[in-house]
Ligand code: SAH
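One chain follows as structure tokens, the form predicted alone.
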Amino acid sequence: MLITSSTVAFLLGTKAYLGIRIWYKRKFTTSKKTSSQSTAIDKLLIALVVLGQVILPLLAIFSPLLRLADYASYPIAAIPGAAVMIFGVWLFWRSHSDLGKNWSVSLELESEHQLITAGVYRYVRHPMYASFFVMALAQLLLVHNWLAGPAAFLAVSLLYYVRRPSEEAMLTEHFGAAYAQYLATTGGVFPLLRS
């Protein structure tokens, strides 16, 4: 695949995404976790997301391994793709920022874990997953390869649908009625439509 305005937009967005993740991981890995539901399946799902969001697109852009799956790119696609990527990265950053020390890459609770219902969490329970879906859409628009383009969407969908029930059960057990009320008043990755 040639380096185009689309691939540059993807690479810059991915660099920002990884920078945010690394910064928050370093900042909050010293926090003491009291509850963990991290399993081998959970770790495998995270690895699949890394494969779909980062590794396959980089292989498609910089190596000949996936070249047979390339398709023609149109420079105009870089504009909506970049806009979607910017929104996805912003939502990813804002999700981390609003969670603060309550964030964990795996299914873990902090010793003084708080239920966050402000910021982007006021509208959706899972804005970080929402940001992954938005960035996956950007990847479809920016990485013109039949394998690498949709890889993030497939991996994130699997992660969300397998992990969400365990995550919500853990939070319901920990926060009780407060989380049940939060479940009833917010959407999962899309805000609830109200009249």
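Quick note: we count residues from 1 along the sequence shown, nothing fancier. For clarity, every value in this text was computed on a predicted model and none was experimentally measured.
Below: the form predicted in complex with S-adenosyl-L-homocysteine, not depicted.
- Look at 64 to 72, 47 to 55, 123 to 131, 148 to 156: in the model of the complex, residues with non-hydrogen atoms within 4.5 angstroms of S-adenosyl-L-homocysteine sit in 123 to 131.
- A residue is said to contact a partner when one of its heavy atoms sits within 4.5 Å of a partner heavy atom; residue 171 meets this definition for S-adenosyl-L-homocysteine in the model of the complex.
- Taking the partner from the other structure, S-adenosyl-L-homocysteine in the model of the complex has a heavy atom within 4.5 Å of a heavy atom of residue 107.
- Within 4.5 Å of any heavy atom of S-adenosyl-L-homocysteine in the model of the complex lies no heavy atom of residue 79.
- Looking at residue 89, you'd find every heavy atom of it more than 4.5 angstroms from S-adenosyl-L-homocysteine in the model of the complex.
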